[in-house]
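First comes one chain, alone, set out as structure tokens in the form predicted alone.
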């Protein structure tokens, strides 16, 4: 008899979720999102063909907890599944540190250890864990499984994880971790199906969305990432700075008297595309704007993306494939073309017609590097991990 997996990806202002059934194969039967948390929460659930299955709004929901918000979701899941058993709830957790390097069954002890990582991902980790705690309360007998964005990068060689800081700080966990691991793991698996020759070689995957990063893959394993100690590093993002001279932070503290909370607010919430443009963190809005500030933000984004992609050629010793994924990477031909134009010296040649159609392969036949567009699916990756872990525990 089939069973089901519910996946949760909880952020500061939204919770994305998806429902899968599995027997011999996984099947996504619903997905949805709760938006506007802390203001006027609204959630909607859609079926496999994007049909609206349920919609709900809380007009005065400023003080609603994760338990309040997830309760109607879980009630709908139980009703929708009928006789199908909900076997587990899988959670995207951004940071596993050196402690959690594989999907893990979560209990109070695991949550206590994970909470010590809150300072490493202050905009993500506390909210990830709040959803786990709420699900534990609402469904006390249900398996809760944590899947970590950092764990995919455990294959990075030591040289790619070091900072040039005193060794005692490394012993305290100050090192480069890498993020967006669930996305990259899914892309690596899809690439093995779509282009096995490329997948076994040297590939850079660019996850371009509100959060943006790039990852160097050799034979499907992470060799390096543009993100480091936190999810701030590397590419310019929607509201995050990307790579930044640490002297800027010292200047803000010394010359402007800013404290850690004020600086955190700037580098996480007021910078990136929003900071440069002063208009929006949304690439679609910027591309549609005639304002010179919007053009500057787009230019900076593509420049930084090309820079970091080029840098990741070093750990690979060459490049066989370049994969674009996530919201901007999957849907913006203009951004892909601008990035590739800066990388022509690598032998990259993009096909304008294929690029405009968001085709799977968007490189010219003469290109020295195969350029592809592959949609990511972090929820499916979480569900796969849940099924595997449940099977392992059944055997044990």
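This one's a predicted model, so the numbers in the text were calculated from it and none came from an experiment. Residue numbers count along the first chain shown, from 1.
Only in words, not in the display: the form predicted in complex with a small molecule, which the text now covers.
The small molecule is not shown here, and in the model of the complex it never comes within 4.5 Å of any heavy atom of residue 78. The shortest heavy atom separation between residue 211 and the small molecule in the model of the complex is within 4.5 Å.
At least one heavy atom of residue 284 is located within 4.5 Å of the small molecule in the model of the complex. Interface residue remark: residue 331 is counted as part of the site for the small molecule in the model of the complex, having a heavy atom within 4.5 Å. Interface residue among 188, 136, 326, 74 relative to the small molecule in the model of the complex, by the heavy atom within 4.5 Å criterion: 326.
In summary, the region of this chain contacting the small molecule in the model of the complex, judged by heavy atoms within 4.5 Å and restricted to 220-228, 138-146, 157-165, 276-284, corresponds to 276-284.
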